[in-house]
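Read the single chain below, which is given as structure tokens and is the form predicted alone.
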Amino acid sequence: MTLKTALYEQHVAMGGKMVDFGGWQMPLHYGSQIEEHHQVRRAAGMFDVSHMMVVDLSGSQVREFMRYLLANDVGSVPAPGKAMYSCMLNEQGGVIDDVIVYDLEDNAFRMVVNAATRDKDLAWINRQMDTFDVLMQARFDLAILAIQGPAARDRVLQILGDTVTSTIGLKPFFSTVGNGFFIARTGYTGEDGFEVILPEEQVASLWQEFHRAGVQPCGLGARDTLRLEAGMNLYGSDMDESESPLESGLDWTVAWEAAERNFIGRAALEAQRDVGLSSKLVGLVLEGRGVLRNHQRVLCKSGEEGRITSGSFSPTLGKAIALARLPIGVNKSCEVEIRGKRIPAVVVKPPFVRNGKSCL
């Protein structure tokens, strides 16, 4: 069964090239992926991310549950409005999914999970709830818009400022609620931006309002090159249940303190940390001509090999870039096998681009 978001008709009417994405009909682009990429880096673009799943959790023990469920720590004290990025792990330390969690109030959290993993995630969360007083609600009634770019704040204030007055002072990685809109200053592009969660029946009207205000629609293609330039992992490519956060450049999302907090996968991560890693996720910049693609072989001077997990041409830098899983000792240079040729590449620390500027 092919799924469609509430904005499907809007995408088609605006000339979106629709493709299957994890069972969803989603726009790849609206004519030019490159132009959409630059629009976000230079002004503001909007993405329909309603295929992602909103999950609300509540109950007298929901805070204790979230501290057990996630590798990052929501904390023992409420922080209303605060957003947090975390991995949800299995007992072996593998990444079931990466999520954004919002601390709503004393006994409530909102979590956004990936579209392709939503059924698996809901089943996993449900199994872990058995010994906790927690209620989970999958919000199939909600849609999500992402407004991203250096002009995103002005456009959001223009359209929603009267609806949510506290948006003016909203800090990065915080959220606010007003008149049925949930607004978070979060995103997946490396630019300033907002994600708006709202009832499905209101999303088409809001999409059109932003479009009339000069915010251009953008598709999955631009979203992928933007997040890659920003050094942001894609689930299923850069990490999955076979890799831990420590092997995926996400060690910063693991909250080791407080030491007494027992989260799922902690013992496995501690054992891996103590033994030492054999591989790591790094950035690559191609020095020669060519385009870096997923699964290409990376050849190291030691004779060891690695693999590209995410690769593309960077419109901002005008170079081919990638995230790659390499042996732990590789730190400077390597070669990538492209159509039988070995092309030199430099190992770098992501991100490649932040706020429209090169980090190289």
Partner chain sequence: MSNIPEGLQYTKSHEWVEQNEDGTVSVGITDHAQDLLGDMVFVEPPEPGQQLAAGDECVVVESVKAASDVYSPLRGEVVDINEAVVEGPELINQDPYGEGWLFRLRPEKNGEQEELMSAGAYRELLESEA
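Numbering follows the first chain given and starts at 1. The structure displayed is predicted, hence computed values, not measured ones.
Omitted from view is the form predicted together with the partner chain, to which the following refers.
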item	value
Per-stretch contact check against the partner chain in the predicted complex, the hit in 28-36, 298-306, 46-54, 323-331 (non-hydrogen atom, 4.5 angstroms)	28-36
Residue among Gly81, Gly290, Gly236, Pro150 with a heavy atom within 4.5 Å of the partner chain in the predicted complex	Gly290
Distance check, Lys341 to the partner chain in the predicted complex, heavy atom within 4.5 Å	yes
Ser58: touches the partner chain in the predicted complex, heavy atom cutoff 4.5 angstroms	no
Non-hydrogen atom contact Tyr68 with the partner chain in the predicted complex at 4.5 angstroms	no
Any non-hydrogen atom of Thr316 within 4.5 angstroms of the partner chain in the predicted complex	no
Neighbours of the partner chain in the predicted complex among 90-116 [non-hydrogen atom within 4.5 angstroms]	none
